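In what follows, one protein chain appears twice in different forms, each by itself as structure tokens: structure 1 and structure 2.
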Structure 1
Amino acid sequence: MKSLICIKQSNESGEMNLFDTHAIEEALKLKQKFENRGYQEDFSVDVVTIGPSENSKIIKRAFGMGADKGYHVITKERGYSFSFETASRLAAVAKKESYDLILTGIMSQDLMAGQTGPMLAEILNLPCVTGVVKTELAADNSSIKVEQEMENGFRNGLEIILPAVLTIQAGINTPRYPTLSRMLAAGKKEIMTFNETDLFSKKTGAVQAREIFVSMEDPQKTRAGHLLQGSLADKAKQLFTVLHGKALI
């Protein structure tokens, strides 16, 4: 049984994308349940990321959590990345092994597009379920039962034949902290690196973007905040004056 977890470094913090930590944790929980059933075969948890060379630190964090192998597609791009390009590169790595389960976070903290997982599934021609909040492997490991978060607090129950792609929602679990022993061992683990020429043939060439990045800017400030000063009693009086002046009390 082989799983691949797609992880991303958040541009804002430089740390692993929060939703991806939940994806790793869910794979590790499935691995533990798999091993507790007494199967002779192994359950591997591999991770892959895309980005500049410094992004390798989140792979080491994944090792610290318990991941087995790490793949790094090294690119020069920083900041905004096109979902289709990302999904195509991830698919090229996934095709190098025969994975039973591919997990991603439901979205990234910085862009929040939520497109990479479904695009990856489409490229690999695999079934996909988004917003997964519960997983359970079937007894024969040929399928996985999931619950998908819907609107108004409802959940959609599905059973998906493997291999498949799942995008994991926050709240499905509590990601573990990397252990010291595993972090020390992570420094000795080899991270397999790829570039465009490793993933795509000369005939097909590097993946071509299907979007055009025009610009990105912060929203204009439309409201100003007012900071209350002084003791708690002073702040209470100031707040009362503000609310009374607006006819709210």
Structure 2
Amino acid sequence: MKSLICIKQSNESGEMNLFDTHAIEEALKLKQKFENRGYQEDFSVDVVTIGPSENSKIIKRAFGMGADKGYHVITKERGYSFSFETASRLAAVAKKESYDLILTGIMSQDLMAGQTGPMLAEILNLPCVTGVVKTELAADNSSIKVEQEMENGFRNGLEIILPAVLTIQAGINTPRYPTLSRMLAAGKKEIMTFNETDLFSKKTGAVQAREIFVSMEDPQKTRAGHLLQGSLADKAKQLFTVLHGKALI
């Protein structure tokens, strides 16, 4: 079994995207269960990220958690890249090996689009389930049972034929912390790097962006936003007065 986990460094925190840590944890748990069943075959957990060279720190963190191989597509641009470009680059890396299972976080914390996983699946022509909150590999490893989060507390119980792409929702597990011994070993571990020209032939050329960033704006206020002033006790009194005046307390 070969798994590939797509991870991203958050533009906000500089850390690994929270949902991606859940994706790595889920792969490591699947690996553990797989090995406990005593198969001869290995279960590998590889990670891939895209971004400037300093982003390799999140690959090291993934090694510290227990990941096997690390791939890094080095791009010059900092900041935001759109899902289509990301998914195209990830697909080019994923095609280099035949992965049975590809996991991503349900979305990035910074851009919150949740498109990379399903786009990657479509480019690779694989089935995809988004918002996964439970996984269980079938006994013959040919499929995986998952629960997909829907609205209003409902969950869809699905079985997907492998290879497949799953996007992982928070709450599915508690991501482990990297161990010290693994972190020390991670420093020496090789990360395989690619740049755009390694991934795309001259004929096809680099990925053409389909979305264009225009600007960042402050969201508009939807309510009055009256700010209470004064000491802590003053504010507590003012709140009581306002709520009492509205017959809410």
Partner chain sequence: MKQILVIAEMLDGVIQPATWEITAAAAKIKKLKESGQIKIIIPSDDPLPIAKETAKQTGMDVIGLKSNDLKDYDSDVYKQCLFKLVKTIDPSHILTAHTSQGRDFAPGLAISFNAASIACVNEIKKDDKGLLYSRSVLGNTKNMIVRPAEGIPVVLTLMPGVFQPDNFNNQKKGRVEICEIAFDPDCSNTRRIRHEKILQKSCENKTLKGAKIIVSAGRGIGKKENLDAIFKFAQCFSSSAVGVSRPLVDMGWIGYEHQVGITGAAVSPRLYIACGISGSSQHLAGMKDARFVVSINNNPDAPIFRHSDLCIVEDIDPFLQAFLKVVQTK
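The term rigid core refers to the most C-alpha atoms you can superpose between the two forms while keeping them within 1.5 Å. In this text the structure is predicted, and so the values were computed from the model without any measurement. Numbering for residues begins at 1 and runs along the sequence of structure 1.
> Please match the form predicted alone to structure 1 or structure 2.
That would be structure 1, which is the form predicted alone.
> Splitting the chain into two rigid parts between structure 1 and structure 2, is residue 163 with residue 105?
Residue 163, residue 105: same rigid body.
> Name the rotation angle of the smaller rigid part against the larger part between structure 1 and structure 2, given in degrees.
Relative rotation between structure 1 and structure 2 amounts to 30 degrees.
> Having superposed the rigid core, state how many Å the Cα of residue 224 shifts between structure 1 and structure 2.
Displacement of the alpha carbon, after core fit: 8.1 Å.
> So, with the core fitted, how far does residue 242 move at its Cα between structure 1 and structure 2, in angstrom?
On core superposition, this C-alpha lies 4.5 Å from its counterpart.
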